[in-house]
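The chain below stands alone and is given in structure tokens; this is the form predicted on its own.
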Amino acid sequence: MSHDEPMGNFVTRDAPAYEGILQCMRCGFCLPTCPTYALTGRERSSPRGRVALARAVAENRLEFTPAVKEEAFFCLDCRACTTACPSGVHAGEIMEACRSQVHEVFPTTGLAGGLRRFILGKMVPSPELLETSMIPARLYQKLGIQWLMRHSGLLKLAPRWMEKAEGMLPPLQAPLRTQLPEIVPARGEKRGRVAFFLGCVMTLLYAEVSRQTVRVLAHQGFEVITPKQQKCCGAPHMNEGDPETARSLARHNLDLFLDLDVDAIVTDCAGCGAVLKDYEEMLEGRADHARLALFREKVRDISEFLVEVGLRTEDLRSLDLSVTYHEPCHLCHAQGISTQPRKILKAIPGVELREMKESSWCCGSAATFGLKFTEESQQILDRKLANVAATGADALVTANPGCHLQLAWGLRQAGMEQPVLHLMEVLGKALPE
């Protein structure tokens, strides 16, 4: 939510809504849920502390200082505080709104500013440019340069964030967007027709995951339409303080998907799902309300959708596999989806679900947080990995690409052998050939 005019010392319309800030009663229920507060013990790095900073700026009691800037980006936006808050304060969204202020008060200039504008304004909104940008990375792997870099020790000379980014890179395939048929027919008795929202990271880094998602949907009796013209959901732009580009992408996707005659719009990316469900709020007053409400009504996470329609299990193969489940923040906290992935795992023959302690605690990825704050991200990740290890499970399951990248990298760094699997990869293993 944003005001028509900036409040106090905020400088643009995309400021946090004052009424949302005032909801905070400073009760402290949020404190035990906040990973950055747990790390620092610092009040300003707690949800209520961050909301207090935003309120002081809105009430002209504080300039938009470097401290406000730091907290805007130091917030993981994991939304755990929102789940815990009795007043429904959205501290993460307030900080997300503050990020757009950062780039007005402290604009990024020079080469860095130009690169930021190109990536957010040109490259990410264009599926073709995104796919082209990954060609050097695929060659880097296929030509053996990655193996050489990792075994030569040269990466140790790079900045820590760069070494981590390289280490997180999974084995790459050709982008899925251009490979998926626009229409995949239902198998067996047809139950409906759905549109598949294929996220940018999924098509580029985890093509096999989304291939399995479409395969699962078809197996469950749904005709699957994957429109080639779809674009990024806008999550990177909201995270990096560029709401205007996010709204432009939202309008494009809204019109594209509502022109399809489908029962639901399904995604296998928790981050995409959270933003797609926020289009109604992002575009309120800028698009027809009835169309926004209809779009929101149709959007479903894949686990949410399969539980709603009822999972067909009669011909699933048995898997001898024990798993533990990490809940992506933008699935459990932003969308309120927690029991559904577990129901699916428990429905797969031969799968044993071993619950981990603090399954909904953030893994420390949080979009670019894991690279901007590498040490803090590592400490948050270590807490998660200790909980994974305590289960003794064969595999770690999650449902968001950012978590997938962070957790897989962390397990390798820690010498732990569990693979990280998306929920749809597990279900895909049980499907008949």
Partner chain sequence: MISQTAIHHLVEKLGAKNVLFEKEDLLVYGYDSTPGVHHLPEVVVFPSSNDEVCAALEIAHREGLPIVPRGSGTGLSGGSVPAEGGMVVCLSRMNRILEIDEENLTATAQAGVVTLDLFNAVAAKGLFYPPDPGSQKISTIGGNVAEDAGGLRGLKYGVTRDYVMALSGVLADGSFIRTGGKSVKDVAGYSLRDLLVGSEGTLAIITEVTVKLIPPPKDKRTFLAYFSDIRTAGAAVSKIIAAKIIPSTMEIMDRTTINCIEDYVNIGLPREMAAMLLIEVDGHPAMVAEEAAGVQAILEEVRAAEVHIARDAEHANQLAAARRTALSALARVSPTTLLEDATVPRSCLAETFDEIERLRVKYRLNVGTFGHAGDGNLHPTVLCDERNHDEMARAHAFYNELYEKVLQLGGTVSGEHGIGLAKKEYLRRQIGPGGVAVMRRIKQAFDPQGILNPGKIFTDDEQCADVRIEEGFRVSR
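Residue numbers count along the first chain shown, from 1. Please read all numbers here as calculations on a predicted model, not as lab measurements.
Form predicted together with its partner chain: not shown, discussed below.
Q) 360 to 368, 388 to 396, 27 to 35, 404 to 412: which one contacts its partner chain in the model of the complex at 4.5 Å, heavy atom to heavy atom? A) After filtering at 4.5 Å, what remains is 27 to 35.
Q | 4.5 angstroms heavy atom contact with its partner chain in the model of the complex for residue 19 | A | Although its partner chain is absent here, residue 19 would touch it in the model of the complex, with heavy atoms inside 4.5 Å.
Q.
in the model of the complex, does residue 43 come within 4.5 Å of its partner chain, counting heavy atoms only?
A. Heavy-atom contact with its partner chain at 4.5 Å: present for residue 43.
Q: Using a 4.5 Å heavy atom cut-off, state whether residue 144 contacts its partner chain in the model of the complex.
A: Judged by the heavy-atom cut-off of 4.5 Å, residue 144 is well away from its partner chain in the model of the complex.
Q: Answer with yes or no whether residue 65 is in contact with its partner chain in the model of the complex, where contact means some heavy atom within 4.5 Å.
A: Yes - in the model of the complex, heavy atoms of residue 65 and its partner chain come within 4.5 Å of each other.
Q) Of these, 338, 87, 133, 173, which has a heavy atom no more than 4.5 Å from its partner chain in the model of the complex? A) In short, 87.
(Q) Within 4.5 Å of its partner chain in the model of the complex, counting any non-hydrogen atom, which residues from 34 to 58 show up? (A) Contacts from 34 to 58: 40, 41, 42, 43, 44, 48, 49, 52, 53, 55, 56.
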